[in-house]
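Below you will find one chain, with nothing else, as structure tokens; this is the form predicted on its own, and questions on how it binds or moves follow later.
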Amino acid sequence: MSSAMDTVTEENMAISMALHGGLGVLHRNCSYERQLEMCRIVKRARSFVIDDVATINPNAKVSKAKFMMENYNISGIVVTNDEKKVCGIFTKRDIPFFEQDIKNGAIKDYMTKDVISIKPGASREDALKILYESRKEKLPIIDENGFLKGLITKKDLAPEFPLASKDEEGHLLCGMALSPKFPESSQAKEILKEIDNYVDIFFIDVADFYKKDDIEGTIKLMKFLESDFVLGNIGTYQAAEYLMTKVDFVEERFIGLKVGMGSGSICTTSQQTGVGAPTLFATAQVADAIQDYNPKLSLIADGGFKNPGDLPKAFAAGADLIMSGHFFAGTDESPGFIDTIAGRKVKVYRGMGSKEARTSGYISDRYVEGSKMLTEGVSNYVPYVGDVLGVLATLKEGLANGMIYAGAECIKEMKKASLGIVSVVGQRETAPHDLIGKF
């Protein structure tokens, strides 16, 4: 998983992670409106049938359609009349060349009126055949009464990403970070409820979840929303035991615990507060508690990963999944621009407890309320590493080789692997050493 950080996971990262079999967790250092926009884009990115189809009235201006295409990251809009029946389709190819026509022209004058469509319940093979024969990229699903029931696109039918993480309807899985604070305003509640329609898993996102206010707020959120929840972060057996045995969460939607406190390469919580739980320690602690009280829960080891060889250790300690910001911050898909420092390409990577992240005004409650002056993270640069696929391939190979050495055929068997403590001298010995120079 890619971390819910504003320099790591927005819609591009979330889409790429899901396409390649992982999960990107959208950050929460923004408004609910921006989160809604991101999760909409992720859910619309790839699917056999798009249910949330963008539509427009034939009397609307071309400028409005152009704005919708740019805002929703789509290339076409189905045109429906006042009765909500399909009367045409408007794509980027239909946009006129002249700015005056875009500003004043009506959709009905430029749209394609002869819409090639398919009926509800048609198979993937039928849809592919129609798209190929018509040389179209979009295929509206229209019932016998002329009402729009969905949209099929050519790119979503192609088996380009056979290992993609998808929901039951074929949409990409979408995770999103969430504050444990229950929203107060009715407008915020309405937007959050709409977000709930797109998000598969909410990740409660605080530095230390083992607090009364956070727990009580999360209980209210779980009763208000319908998606699954992962709670975190925690770092001890006692915290996990309490959450599983003493708190009345909505059981069927409580699916996982996220562990590790102060372990990230840009996190200074342990230094600033004296409190923390290194991820390997936290994983071992919480894994024991899960086995004792609720083996159905998943355990996510979060932060502190530096090399591919750290993954086998995390799984051997009891993790089911790993989450990292450091691995993915330098990729093409992470937010921000590629910069050059001393001739080297880099990207900005900052902790959510850093001054730069916390002064934006949305993330203050991730750390202790009222301690906003005390930063618990830093902002710096990481090397640019190319696209996410290359990073995932490296991680996969490191994990696979580590599992081979451990004699494990799957993650479940990896949890039976032996762990040992390596001394400082041993760590030096297992790294490159006693060489003439660096080549």
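Start at 1 and count along the sequence shown; that's the residue number. Owing to the predicted nature of the structure, the values given are computational and were not obtained by experimental measurement.
There is another form of the same protein, the form predicted in complex with xanthosine-5'-monophosphate (XMP); it is not shown, and what comes next is about it.
Looking at G351, G330, G235, G88, which has any heavy atom no more than 4.5 Å from xanthosine-5'-monophosphate (XMP) in the model of the complex? By the 4.5 Å criterion, the partner-contacting residue is G351.
Out of T153, T218, T269, Q285, which one falls within 4.5 Å of xanthosine-5'-monophosphate (XMP) in the model of the complex, going by heavy atoms? Answer to the contact question: T269.
Quick one: does S165 come within 4.5 Å of xanthosine-5'-monophosphate (XMP) in the model of the complex, counting heavy atoms only? So S165 does not count as contacting xanthosine-5'-monophosphate (XMP).
Can you tell me whether F305 touches xanthosine-5'-monophosphate (XMP)? I mean in the model of the complex, with a 4.5 angstroms heavy atom cut-off. Yes.
Taking the shortest heavy atom distance, is M323 within 4.5 Å of xanthosine-5'-monophosphate (XMP) in the model of the complex? Residue-level check for M323: yes, a contact with xanthosine-5'-monophosphate (XMP).
N197 near xanthosine-5'-monophosphate (XMP) in the model of the complex, any heavy atom under 4.5 Å? It does not: once xanthosine-5'-monophosphate (XMP) is placed as it appears in the model of the complex, N197 has no heavy atom within 4.5 Å of it.
Given that the partner is absent here, state which listed stretch (394-402, 408-416, 30-38, 375-383) has heavy atoms within 4.5 Å of xanthosine-5'-monophosphate (XMP) in the model of the complex. Heavy atoms within 4.5 Å of xanthosine-5'-monophosphate (XMP) in the model of the complex occur in 375-383.
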